[in-house]
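Before any questions on how it binds or moves, here is one chain, the form predicted on its own, in structure tokens.
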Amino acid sequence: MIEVKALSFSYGSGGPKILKSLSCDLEQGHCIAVLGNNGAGKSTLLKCISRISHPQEGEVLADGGNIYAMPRRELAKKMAYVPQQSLRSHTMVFDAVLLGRKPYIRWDAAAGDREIVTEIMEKLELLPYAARYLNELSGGELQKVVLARALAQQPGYLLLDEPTSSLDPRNQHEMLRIVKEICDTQKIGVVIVIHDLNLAARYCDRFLFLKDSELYSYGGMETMTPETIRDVYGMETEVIEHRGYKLIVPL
């Protein structure tokens, strides 16, 4: 699991704390939604877990090892991070996804690496784009390529920062369905920063609510209550069940 211990973070010396002494355990085999208002610290938490940002206090352990002391190659085998926005370049899609195999490649990509990339691209319906360039893709297509590259790392933990923000409704559900399927079949841990409570309720089984840069609650569907949503988001809702799915309905 990923163990987050008393994590505190602020931008700049003496700046306001974006995270305040936050502790939680993020288990493999679960799809975990990180929820909260804008500015609550959701993306910052992901960046600290993935070692993009370094906290002023606390530590993050992955399978018992301190991530800030790990060699970069070892950390890349443990976790893959997908940011909100990805840079476009004149790189072909297949080569961009193949970059996800970098932690395992010493000299050149082997046939096995290319097979893994092809399988992932087929699952994400990206094979028709294999010979196209990243700067020719739509925002949604590019987001799927970045996800494919992260999956090519074969990580134990997949960290996704608003992965559905550039996707239409059909592709939002398709992407999260694939992520959930990989989580369930490969028993990896998935941590998703997401704003849509209904998407979170449908595809995630753990919910980590942040409020004012602190942990408000963390647990299963029992934590997705009108009271929690009111306290965290400041809005009244009703949580109902329809065809076996929980739905959050604003009042």
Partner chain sequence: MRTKNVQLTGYDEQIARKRLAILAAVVLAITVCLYSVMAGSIELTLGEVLKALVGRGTGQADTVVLGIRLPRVVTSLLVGAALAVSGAVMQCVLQNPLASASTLGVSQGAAFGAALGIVVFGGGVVNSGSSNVAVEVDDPYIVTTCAFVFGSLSTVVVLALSQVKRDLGPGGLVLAGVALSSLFTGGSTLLQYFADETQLGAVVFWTFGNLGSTGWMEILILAVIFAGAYLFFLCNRWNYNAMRSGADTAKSLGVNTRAVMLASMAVCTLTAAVSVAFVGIISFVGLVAPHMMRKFVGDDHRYLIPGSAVAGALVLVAADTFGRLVIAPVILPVGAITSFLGAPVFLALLTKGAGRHD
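Residue numbers count along the first chain shown, from 1. In this text, all values refer to a predicted model and were calculated from it rather than measured experimentally. C-alpha atoms forming the largest set that superposes within 1.5 Å between two forms make up the rigid core.
In what follows, reference is made to the form predicted in complex with the partner chain, a form of this protein that is not presented.
S.K.: In the model of the complex, which of the stretches 124-132, 162-170, 177-185, 137-145 has residues with heavy atoms within 4.5 Å of the partner chain?
M.R.: One stretch meets the cut-off, namely 124-132.
S.K.: Assess the spot marked by Y81, T118 and Q153: is the partner chain within 4.5 Å of a heavy atom from every one of these residues in the model of the complex?
M.R.: Checked in the model of the complex: all three residues contact the partner chain.
S.K.: Is there a heavy atom of I52 lying 4.5 Å or less from a heavy atom of the partner chain in the model of the complex?
M.R.: Yes, I52 sits close enough to the partner chain in the model of the complex that at least one of its heavy atoms falls within 4.5 Å.
S.K.: Does any part of K47 reach within 4.5 Å of the partner chain in the model of the complex? Heavy atoms only, please.
M.R.: It does: once the partner chain is placed as it appears in the model of the complex, K47 has a heavy atom within 4.5 Å of it.
S.K.: Contact with the partner chain in the model of the complex for I105, defined as at least one heavy atom pair within 4.5 Å: yes or no?
M.R.: Flag for I105 set to yes.
S.K.: Can you name the residues of 90-104 that have a heavy atom within 4.5 Å of the partner chain in the model of the complex?
M.R.: Result: H90, T91, M92, F94, D95, L98, L99, G100, K102, P103.
S.K.: Core aligned, does the CA of A110 move at least 2 Å between this form and the one not shown?
M.R.: Yes: A110 shifts by at least 2 Å between this form and the one not shown.
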